[in-house]
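Take a look at this single chain in structure tokens; it is the form predicted alone.
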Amino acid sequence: MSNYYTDVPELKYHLNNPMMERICELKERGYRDKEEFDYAPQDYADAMDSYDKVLEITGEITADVIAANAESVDEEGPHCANGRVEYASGTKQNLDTMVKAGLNGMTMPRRFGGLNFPITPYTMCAEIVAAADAGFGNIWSLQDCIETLYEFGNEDQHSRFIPRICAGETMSMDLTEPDAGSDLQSVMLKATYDEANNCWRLNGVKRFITNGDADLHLVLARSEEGTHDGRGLSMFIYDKRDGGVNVRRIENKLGIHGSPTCELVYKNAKAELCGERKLGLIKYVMALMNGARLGIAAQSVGLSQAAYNEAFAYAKERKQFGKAIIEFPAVYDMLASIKAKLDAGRALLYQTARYVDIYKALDDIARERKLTPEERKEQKMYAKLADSFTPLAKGMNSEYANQNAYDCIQVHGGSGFMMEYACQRIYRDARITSIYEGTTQLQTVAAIRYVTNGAYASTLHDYELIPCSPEMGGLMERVKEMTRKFEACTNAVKAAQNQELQDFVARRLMEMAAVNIMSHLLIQDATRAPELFSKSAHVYVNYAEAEVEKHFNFIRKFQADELADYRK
């Protein structure tokens, strides 16, 4: 690709969503920065032009540098020596180029050296980078950990740490331990207060830490002696300059080779508290993980785009039986399916990002002044939507990335099994997306309450009221029927009053909600831009309808007493 942004017109379409005007108004506080910073936008049109230009720069760097280095980075990987990580040579070049282009601290206020971008265009940058090299995307996109420090740290911490991230330093979030993976309540890294030196000291081991030798770390640690649950955990900031943390080893992974996944040993490491004690897991990690899950959703969409690019290019040039294989129904069916899932997943990703943007901007404004009653209502509505959509965006896009990477190899046939084709790297990189930052099963746990309390059904009914084009009218009627089947299944499961049954079919209910929502979003997109989305809307609704029917038949015919058979 010559430019990973301009070559994908769907990205500019999502950037120009009508909700962006409200997002810009809130993020820019009425464009007040224009008096102090010469690069601050004058108005909405100027802000959107700025986002577009930065995305174009990101797309150019991604094509010219990151994509060009992807295969060598995958082969070389990072190295560990004397307790430190050294990136692959291509990774160093990637980071240097991004820093020189000013693409760090993108969402941070300008007073700290940031660009004050909303989450939505930043997420697009993350998708673009991941489409070329998902491993490097992990390193670069971890800058969004600074959002948590900005939200919960104090002014002194803001002034000391945020400018460093905006200047190009790296971050990590140190959560997982050998005996605490998904169950973060079991974290036992010990934090003790050092009275003599007026600081905290951290001791213990962290495992599976992405970019674990970063400059700044957000660390979950047990600050309350004698506790064994989440109420004894706090969040800490560790600065690599202070020493006390060594990399024991870099994990030998299936994919994302450019991203060092580290085991860290904390030995009396100096740290400082972020926010209040005892809220590390209950409040701060939840905020951190929601941002990370949106990031993995973006990474997943980037990988789906990469899979589509590789499959489409190969199918056009590969000839069998005297014609290009793209002309065979079995092949163009796979390509259409990849593209439809890509477009549906991307629609869900950016709808989620826009919801996040509005509630986060209002949260930030609330730290400056009291919100009006209308603003409080708006903040509450979008916070709920963001919380309900985030597990769908992460869960479904990570599953689609895996499916699309699988089909990409299938389009390549025997060549796809050979290491010299990029599809094998995409396939390996995609596999982790449905595991880290919360498995798909944990996304189901997060989403199921919005199934049972009727939130998803309410959103679907709201979407039914949005006018669509005559061409999309038939699809809309089919999606309405799909929603009725989703509600029938939900009501049947709730009526059974069997928690084990609900947990057993939760994944199916979540997927029914998700494919219905994505169908609606694609119908809305195809109504506004039929030249981009009409084909995908038809293909995806066909796919979604089959998925809903499958789950509907399973849940309708399943008997609670069959659960015992599944346990055996």
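Here the structure is a predicted model, which means the values were calculated and not measured. So that there is no doubt, residue numbering starts at 1 and follows the sequence shown.
Omitted from view is the form predicted together with a small molecule, to which the following refers.
A.B. asks: Could you confirm whether M381 comes within 4.5 Å of the small molecule in the predicted bound form, counting heavy atoms only?
C.D. replies: It does not: once the small molecule is placed as it appears in the predicted bound form, M381 has no heavy atom within 4.5 Å of it.
A.B. asks: According to a 4.5 angstroms non-hydrogen atom cut-off, is K278 in contact with the small molecule in the predicted bound form?
C.D. replies: No, no contact at 4.5 Å.
A.B. asks: Do K253 and the small molecule share at least one heavy atom pair within 4.5 Å in the predicted bound form?
C.D. replies: Contact check for K253: yes, within 4.5 Å of the small molecule in the predicted bound form.
A.B. asks: May I ask you to check whether F152 falls inside a 4.5 Å heavy atom distance of the small molecule in the predicted bound form?
C.D. replies: Because no heavy atom of F152 falls inside 4.5 Å of the small molecule in the predicted bound form, the answer is no.
A.B. asks: Can you work out which of Q93, Q157, Q403, T176 has a heavy atom no more than 4.5 Å from the small molecule in the predicted bound form?
C.D. replies: Partner contact (heavy atom, 4.5 Å) among the options: T176.
A.B. asks: Find the only residue in L115, L442, L385, C80 having a heavy atom within 4.5 Å of the small molecule in the predicted bound form.
C.D. replies: So the residue touching the small molecule in the predicted bound form, by this definition, is L442.
A.B. asks: Which single stretch, out of 395-403, 427-435, 228-236, 323-331, brings residue heavy atoms within 4.5 Å of the small molecule in the predicted bound form?
C.D. replies: Result of the contact check: 427-435.
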